[in-house]
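One chain is shown next in structure tokens, namely the form predicted alone.
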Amino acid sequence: MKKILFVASEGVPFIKTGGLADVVGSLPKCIDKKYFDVRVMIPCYTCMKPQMREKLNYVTHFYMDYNWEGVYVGILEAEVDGIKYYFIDNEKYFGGPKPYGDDAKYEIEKYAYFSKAALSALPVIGFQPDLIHCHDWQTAMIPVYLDDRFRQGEFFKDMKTVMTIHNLKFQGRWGIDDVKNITGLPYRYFTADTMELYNDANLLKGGLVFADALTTVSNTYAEEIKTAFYGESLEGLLNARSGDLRGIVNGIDYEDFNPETNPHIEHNYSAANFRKEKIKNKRALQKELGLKQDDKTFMIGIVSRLTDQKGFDLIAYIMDELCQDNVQIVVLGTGEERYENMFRHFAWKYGDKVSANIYYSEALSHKIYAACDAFLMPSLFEPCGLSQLMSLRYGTLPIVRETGGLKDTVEPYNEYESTGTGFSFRNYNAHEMLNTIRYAEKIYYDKKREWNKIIDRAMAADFSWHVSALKYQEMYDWLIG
């Protein structure tokens, strides 16, 4: 049996700030247990929900040489859904009201500690993985530390590493002298062909140089990040390592996002009966949010962080124009103040058409996926994206820009061949987006049978984790041999 260890800064159900936690929580459950023993290691944050903290059992502790002193490393464990989780405990680094802080240097110190502690803990707990699967910059020091001194020991000699990029924008950068001091690594790790980038130390770059294989979360994003526009200054390295880089699209948990059983939505429905039952969710949401009660109005949903990356400058540009159409727009999320206020303004100006919910609610997000006719996601870049997968699952047709995972998972409607699962536009242009929204409106209003056939195809698409898990298993087999 091949042993795999996932190491990440967050993971469902213990701690979550974004999509990374969903991947770390869902993917291990779908890897074939006949052939793989997959375990997960994350920090033991004190801000974890009390009911989750109660599941943790103390295993042991030891002291590790770090940042020029002996530092405490506690190890706890828990088992959830048949997966064993290990937790690295240190209140200095993982105390506080939220997992991540704003002090970049301290974050680097914290996650370099976590990376070294994760490796140091393995002989202590007696788990010797064949492969360590590292996620994002917070764990990128694991391949570097392995290369530096751990591989000299018999225990670590043959251990392989995979580095997964969830979002290349976040890299863990700081001054070389400070990072050298914190990590205790020799100068050879701070040269142009190792961790140095534009006179800074770059932790993610270190992981990308020293890992045995690289993955990212969609095929298109794997190609995009080799270009200057998307490469965030690492495109040269990613081109050099393109033979070791593959894109594997994320999945979603088909149990959690199931319109037939979802407890959050007013009326459950399926691919067989959505024509009659889905509309009941629209009525319920219109009533709940105080929108005009009208079955026929084209309802567009948005559930997102309200940031430039997600394309809200495009939406702001055409919002007044779009509100002249027979549409309703339901927004849920928080983010940049200008976008929060933009949606509040339009909700005030078009009270029966726009609902601005400037907060986050898991229950309301499910209601929006189930109730709306279309889901708008015009991202500037999107490594994978999960919202479009959820909307497909609910038969709410995505309107997306062709980038990253959006391009890989939403097939644009072709009226001549009657194919496609949603609508897409190519250029980052507000009126190209508006034209695509209006094309979707036209199909919805004038060709209802065609619209329903697109929903049939959308709900039949399979983006469950089981599909992606097979591709990860192939890679593990290829690496471990």
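Residue numbers here begin at 1 and follow the sequence given. What you are looking at is a predicted structure, and each value in this text was computed from that prediction instead of being measured.
Not pictured, yet referred to below: the form predicted in complex with alpha-D-glucopyranose (GLC).
Put simply, residue 250 is close to alpha-D-glucopyranose (GLC) in the predicted bound form: some heavy atom of it is within 4.5 Å. Interface membership of residue 13, defined by any non-hydrogen atom within 4.5 Å of alpha-D-glucopyranose (GLC) in the predicted bound form, is ruled out.
Under a 4.5 angstroms non-hydrogen atom cutoff, alpha-D-glucopyranose (GLC) in the predicted bound form lacks residue 258 among its neighbouring residues. Contact check for residue 386: a heavy atom falls within 4.5 Å of alpha-D-glucopyranose (GLC) in the predicted bound form. Between the options 344, 338, 305, 105, the residue in contact with alpha-D-glucopyranose (GLC) in the predicted bound form by a heavy atom within 4.5 angstroms is 305. Residue in contact with alpha-D-glucopyranose (GLC) in the predicted bound form (any heavy atom within 4.5 Å), chosen from 90, 219, 167, 286: 167. Looking at 180 to 188, 159 to 167, 146 to 154, 112 to 120, the stretch with residues near alpha-D-glucopyranose (GLC) in the predicted bound form, meaning non-hydrogen atoms within 4.5 angstroms, turns out to be 159 to 167.
Contacts with alpha-D-glucopyranose (GLC) in the predicted bound form, taken as any heavy atom within 4.5 Å, map within 305 to 320 to 305, 309, 310.
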